[in-house]
Structure formats: structure tokens, C-alpha cells
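Below sits a lone chain in C-alpha cells, taken as the form predicted alone.
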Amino acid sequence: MASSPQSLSTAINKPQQAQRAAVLAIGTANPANCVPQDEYVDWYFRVTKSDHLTKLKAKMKRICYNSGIKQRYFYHTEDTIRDHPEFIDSALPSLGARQAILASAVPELTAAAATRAIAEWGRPAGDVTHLVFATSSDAHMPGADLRLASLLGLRSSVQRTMVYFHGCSSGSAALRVAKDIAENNRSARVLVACAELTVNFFREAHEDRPETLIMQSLFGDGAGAIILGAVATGGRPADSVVERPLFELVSASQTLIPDTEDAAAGQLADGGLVFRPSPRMPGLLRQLIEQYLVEAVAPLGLGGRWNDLFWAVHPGGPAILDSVEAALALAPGKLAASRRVLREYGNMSGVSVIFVLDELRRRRGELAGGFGVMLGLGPGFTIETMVLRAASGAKRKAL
């Protein structure tokens, strides 16, 4: 039986946890190149010199039409592809050229998102004590975290952690790591950053590689940043009247669905990132998501009354969102924030959940003081679950 709101609040505000990590600010950014979804297929087959593959082109048009996506943003342009013919010729190695682009593009786009988050936060960048950076795009050492810290003017003593190749669950995983840091280091202020650019896997269509059509039809580029810090339970600022919590991070957990190591698998190869999304994922979600959610939220007294919660689900595609909605019997509109992010930006991999949180806080009238669940879905098949509580009156500051 589900707990009453009063008993639930009491259980979650147990005295042994005097402070809890909370989102203090959010920033997002996209590259300038925006391609409408209804124009993308013609653009893609033209720049990849693949117009002769008429059957594949017709198939991709169907995928794009059913994607629920209106537009996507990309760092790469037609000029990028013209200057790098190896990107659209699988017989040629291209990983080095792709990574050369990403070495600067990933931290620079992330800096734009982080600058917005820091401005909203209201404190100087030098007050950031920790940086957690998640990406499956840049693969350098030292990584994009070092370049980002330099671009933002963070202190040389900032403690940096990279989260590599968690795919579509990377943003959620980074928030889980940051939650532990914030709650176990007094006065810590953690910058969580995530960025993904599809130039890492942009390639020509192949009749024997159906996954290429899926990747090119759904994924887009973006970066997101969150300032995280511990606040007194109930959402009161712990250290500064300047800070205004948006969401408390009540709990976090990670689950691997057994025997799914081949689901959503990928690797870096001579031709860039080769990623194979599994058609099994929507069915697995429909079958198992409620079971894993109950296990994750039961200790908090949540569970069963799913429509009483707000939802931040990774917008991996319409089939993913439809499966979660059906499995939990969610009312129409419960996944509206995730569907809007998918429609306006496409699947930005792990960055997407940060955009969903940003969208949710714009709907603050629907959330004030309420509880919600954030779901990250990644390779493995891995489910990241985080229980949230929205602060009353959470909103974006005027910048």
C-alpha cells in the first residue's frame, strides 16, 4: 500500500540525513546548426553521396516521420563532411580526425551550458569545488574536464572526475556521483557537465548496417550543466541565501538487467564510435521497468501510485517513452517534458535528462513540493533511477 503524503514526507526527512544534495542551477546549450527533421533525410543522403540507395532513403524517411522529432542541432555541417571525406567512406580510418574536432568542440559547447548554470547560480565560478564531466564523445587524456575547467576559470584545486562511455545514462550517472560528493564533503559545490556530439558516429548508410539509419535519424548534439550542493532536508539553503534549490536528490540507484550486455553496445573503432541500439530495449522496459522502480523507491514509501509523481525519463525515442508510459499506466501528459525535449532536440544521449529537468522546472506550477522520478537508460542495459523532490517556486532566474 502506498504511503500517505504526510508519512512519506516524514520518512524522507529522517533526521539521520541532515543535508541532501540539490540542484541549484541548470544550463543548456546546442550548436548553431539546426536541421528540420523533415529535411534531414534529403540533406543526409546528399552530403553522404548516397542518393542512389533509394530503398534505404525511403526507410529512413519512415523512421524520421515516426520519430516524434521536429528538429535537431549539430556541430558538424555540410562543410565539415566535405572537408573530411573519410567520415563517409568506411574503408578509410577517421577516428583521429573525429577526435581532433571533438577535443575542442566538446569542452567549448559544455562551457556555454556551464556559463549559463553558473550565472543562474549567482556565485563566482571559483566557488566550484568539484567537477564531474560525462561524455561518450571525447576520448582524450587529459580529458575535456581539464579544458572545461580552464575555459570557466575554475580553481586549479578543483577536484575533477570523468565519466566515460555511459551512453544515454551518462548524465544520470554523473548526477549520482555528484550527489555522493555533495553530501559527503561539507560546503562542496559540484559542477555536473555532460556533452555529446554526433560527429563521432556520423557516417554513410549501409544496407548491411541497419543501426546506422537509427543513429542518424534520432540523435542530436547538446550540452548540459548543473550546479549541485547539499541543502538542509526540506530544501532550505545550507550555506547561502543566494542559492535557491530547484530539485532535491532524495535517492539514487543503478540496476543492470541480467543477460543484456549486448543491448545498446558500442565501441571505438577506426571509423569512429560504432553503436548498436538494441530493438529489445522497448520490450524489456515494458516488461520490467515497474519491478525495478518498486525496488528502487520502496525504501522511501513510494510505489504503485505512479501518477502522483512527476517524471523525467530519458527521451531515447518514441518507443522508449511509449513503453514506460504503458508499463506504468501513466496518464497522458505525464511524460510531456521528455516528449518535448525529444521533439525539439532529438536524442542527445546522456545530456537529454538535463534538458528534461530544465523543462520540468519551467512547469513549476505542476510540481511545487512534489516528488518525482528521473530515469536514465544506458548501455548494458542499465537503468539509473533517482527520486527527486521539487522545491516550491523553483524557476529560472532572469539572466
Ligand SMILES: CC(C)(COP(=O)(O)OP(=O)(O)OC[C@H]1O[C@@H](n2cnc3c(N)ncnc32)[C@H](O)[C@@H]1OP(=O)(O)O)[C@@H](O)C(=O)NCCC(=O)NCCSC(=O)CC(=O)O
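None of these values were measured; they are calculated from a predicted model. The first residue of the sequence shown is number 1, and the count goes up from there.
What follows is about the form predicted together with the ligand, which we do not show.
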query	finding
Heavy atom contact within 4.5 Å of the ligand in the predicted complex, the stretch among 353 to 361, 43 to 51, 64 to 72, 326 to 334	64 to 72
The ligand contact at Phe219 in the predicted complex, heavy atom, 4.5 Å	yes
is_contact(Ala319, the ligand) in the predicted complex, heavy atom dist at most 4.5 Å	yes
Touches the ligand in the predicted complex: Trp311 (any heavy atom, 4.5 Å)	no
Heavy atom of Lys59 within 4.5 Å of the ligand in the predicted complex	yes
The unique member of Pro124, Pro258, Pro279, Gly96 whose heavy atoms fall within 4.5 Å of the ligand in the predicted complex	Pro279
Non-hydrogen atom within 4.5 angstroms of the ligand in the predicted complex for each of Gly167, Pro210 and Phe275	yes
Within 373 to 387, the residues that have a heavy atom no more than 4.5 Å from the ligand in the predicted complex	Leu377, Gly378, Pro379
